[in-house]
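One chain comes next, on its own, written as structure tokens: the form predicted alone.
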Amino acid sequence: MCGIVGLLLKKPNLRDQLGAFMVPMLVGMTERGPDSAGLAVYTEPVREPLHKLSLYCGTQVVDWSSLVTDVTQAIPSAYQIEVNGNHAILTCAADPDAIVGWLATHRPGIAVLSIGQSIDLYKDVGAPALIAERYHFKTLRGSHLVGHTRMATESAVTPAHAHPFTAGRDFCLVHNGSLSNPHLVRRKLEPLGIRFETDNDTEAACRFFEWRLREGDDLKTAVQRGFSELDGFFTFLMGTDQEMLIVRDAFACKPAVVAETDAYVAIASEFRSLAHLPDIAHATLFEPKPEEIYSWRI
């Protein structure tokens, strides 16, 4: 049992309040996911050729300034870093894949959580309220976000196993449910050069969908292909730099509720995480139908 939350703000003048609206949503899902929590927030994109990398250092102490000095010497570029606890957002024009390779060799204790021009990603173990406070989620600004609280049922409780999962650029996925064939999906994708970082079933779904996006599918088409490739129970909530999408499996046994107004689209596993939102009494409320894809663009 896990909790999912999503929020897309239709009105740009509300984007400064994205984090403030979201925190009660995430904390409201604590009973569904007390082990760990995380979110991906989509901000104003950086301009080409810039990219952002979300970094996580765990419990180790990192001299982030020294890291920037060292990576600048190895991969010359202009770098900016914004530190938030044991997370940091590194912005640069250098090839992100080159930076990932350099970190793996020279700073193996630092994980790259996401890459893109819009996405920033935070996740950690512990109670959702503590994580929200630790990383100042109330101050987050942006157009939309995807969040998750986890109750581990099939793999370890670690930051790496926490959601959201990411692959490629500006793509993320959170999942309530369990897949019965993640190893079959892995055996299909690994010969294509797709590398997995955990044994979590959700990662298999995330990398499957991102693979289909790279093969030319749009997100809805990729999800439709997933109906025949991914076996199990799921409510998937996904984000890209332009879109938020939710879909449930054929049995729709994992809960989800959507609230939509002229100002926002809000999604949660249970209504209690939506009850505080402005004008919720006049929102259009519904439960997503089985195997029906719902998406909203900014």
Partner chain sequence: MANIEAAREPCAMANSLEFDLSKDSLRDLNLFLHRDAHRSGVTEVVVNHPDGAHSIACGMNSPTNIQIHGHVGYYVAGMNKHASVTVHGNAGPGAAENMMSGRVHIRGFASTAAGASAHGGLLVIDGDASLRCGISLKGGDIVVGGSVGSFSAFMAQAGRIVICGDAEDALGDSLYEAVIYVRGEVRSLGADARFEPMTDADRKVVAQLLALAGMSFDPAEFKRVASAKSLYHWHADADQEY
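Numbering follows the first chain given and starts at 1. Being a predicted model, the structure only gives us computed values, none of them experimental.
Heads up, the form predicted together with the partner chain isn't pictured, but that's what we're talking about next.
Given that the partner is absent here, state which listed stretch (48-56, 64-72, 235-243, 251-259) has heavy atoms within 4.5 Å of the partner chain in the predicted complex.
Result of the contact check: 251-259.
When the contact criterion is heavy atoms within 4.5 Å, does P290 count as touching the partner chain in the predicted complex?
P290: yes, in contact with the partner chain in the predicted complex.
Examine D35 and determine whether its closest non-hydrogen atom to the partner chain in the predicted complex is within 4.5 angstroms.
Result no; D35 lies far from the partner chain in the predicted complex.
Since only the chain is shown here, I'm wondering whether L285 would be in contact with the partner chain in the predicted complex (any heavy atom pair within 4.5 Å).
Yes - in the predicted complex, heavy atoms of L285 and the partner chain come within 4.5 Å of each other.
Taking 4.5 angstroms as the cut-off for heavy atoms, does L14 touch the partner chain in the predicted complex?
L14: no, not in contact with the partner chain in the predicted complex.
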